[in-house]
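Just the one chain here, the form predicted on its own, laid out as structure tokens.
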Amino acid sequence: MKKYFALFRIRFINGLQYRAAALAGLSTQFAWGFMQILAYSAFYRANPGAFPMEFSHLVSYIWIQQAFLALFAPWGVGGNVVDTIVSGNISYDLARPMDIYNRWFSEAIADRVSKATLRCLPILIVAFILPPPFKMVLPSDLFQFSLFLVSAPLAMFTVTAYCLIDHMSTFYTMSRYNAIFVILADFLAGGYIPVPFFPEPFRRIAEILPFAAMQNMPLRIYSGDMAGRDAAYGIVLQLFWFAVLLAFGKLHMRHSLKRVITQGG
């Protein structure tokens, strides 16, 4: 595993160099976070009892989502994987004495962590100093926060495994853009609206799909919308879907590499 940790470290340090991109992303995330909270605030003032989450929980959900968007979003990373496949440079990766899937996975995780490292702290500071009811609050107790610390990396691993499967579809389509996979994952994972806002019985179906094991789980655990037995069940669900997506991704990679043809001078 040393070589993959070395790749992670190199990619992580390289990702920290893009400070201008991080500042641009911060402005977008602040604008999007404030816009969402103000929009929901108008609806909650009209009829707060009509919504499945308390407004304070929803505010924490949105701010944590924006602070760690790079960890959980099914977009914004992995473009180099697609370019490698389309350009034929995958032949260089095939010549290296390491597993290609593990290499891509470790590099994708490094990209996510480096981007989140540059962006999360300013968002968290602002979110904590805002006046109520727009202020983000800490979890109700230390145990709830520890569940979030377990769920967050599992969500990152799960969404990364899903994204690699999406990227590997380029072996067959040779297309750089497979937007349907991204939109589907972002919507069903609670990226646009939280999963509890989905209508029944669609919500119950969405909560057992692999997308529910992505950002939906850590955000709801941190905000307090999921606690105790429900939170523990959610973490078990994350472990299950991560294992399934990881195994499927490795099998998919093994099958795809048998069909790879590279041409050049």
Partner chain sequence: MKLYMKYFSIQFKSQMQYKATFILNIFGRIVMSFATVASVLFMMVRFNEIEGFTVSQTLLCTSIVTMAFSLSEVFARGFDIFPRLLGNGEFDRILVRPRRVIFQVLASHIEFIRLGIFIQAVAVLCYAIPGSGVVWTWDKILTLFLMISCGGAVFFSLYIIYASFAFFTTEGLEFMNILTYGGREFGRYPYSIYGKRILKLLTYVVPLALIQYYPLLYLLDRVKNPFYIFTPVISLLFLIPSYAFFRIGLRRYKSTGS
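As the structure is a prediction and not an experimental result, all values here were calculated from the model. Numbering follows the first chain given and starts at 1.
Quick note: we don't show the form predicted in complex with its partner chain, though the next part is all about it.
**Student:** Could you check which residue among 192, 143, 92, 128 gets a heavy atom within 4.5 Å of its partner chain in the model of the complex?
**Tutor:** Only one listed residue qualifies here, and that residue is 192.
**Student:** Would you point out which of 92-100, 156-164, 135-143, 182-190 contains residues with a non-hydrogen atom within 4.5 Å of its partner chain in the model of the complex?
**Tutor:** It is the stretch 182-190.
**Student:** Please tell me whether the candidate spot formed by 234, 247 and 257 is one where all three residues come within 4.5 Å of its partner chain in the model of the complex (heavy atoms).
**Tutor:** Answer is no for this spot.
**Student:** Should residue 243 be classed as touching its partner chain in the model of the complex when contacts are defined as heavy atoms within 4.5 Å?
**Tutor:** Output for residue 243 is no: heavy atoms all beyond 4.5 Å of its partner chain.
**Student:** So in the model of the complex, is its partner chain close enough to residue 40 to count as touching (4.5 Å, heavy atoms)?
**Tutor:** Judged by the heavy-atom cut-off of 4.5 Å, residue 40 is in contact with its partner chain in the model of the complex.
**Student:** Even though its partner chain is not shown here, does residue 228 get within 4.5 Å of it in the model of the complex, heavy atoms only?
**Tutor:** Contact with its partner chain, no.
**Student:** Does any part of residue 45 reach within 4.5 Å of its partner chain in the model of the complex? Heavy atoms only, please.
**Tutor:** Answer yes; at least one heavy atom of residue 45 falls within 4.5 Å of its partner chain in the model of the complex.
**Student:** Within 4.5 Å of its partner chain in the model of the complex, counting any non-hydrogen atom, which residues from 123-146 show up?
**Tutor:** The stretch 123-146, when checked against its partner chain in the model of the complex, contributes no residue at the 4.5 Å heavy-atom cut-off.
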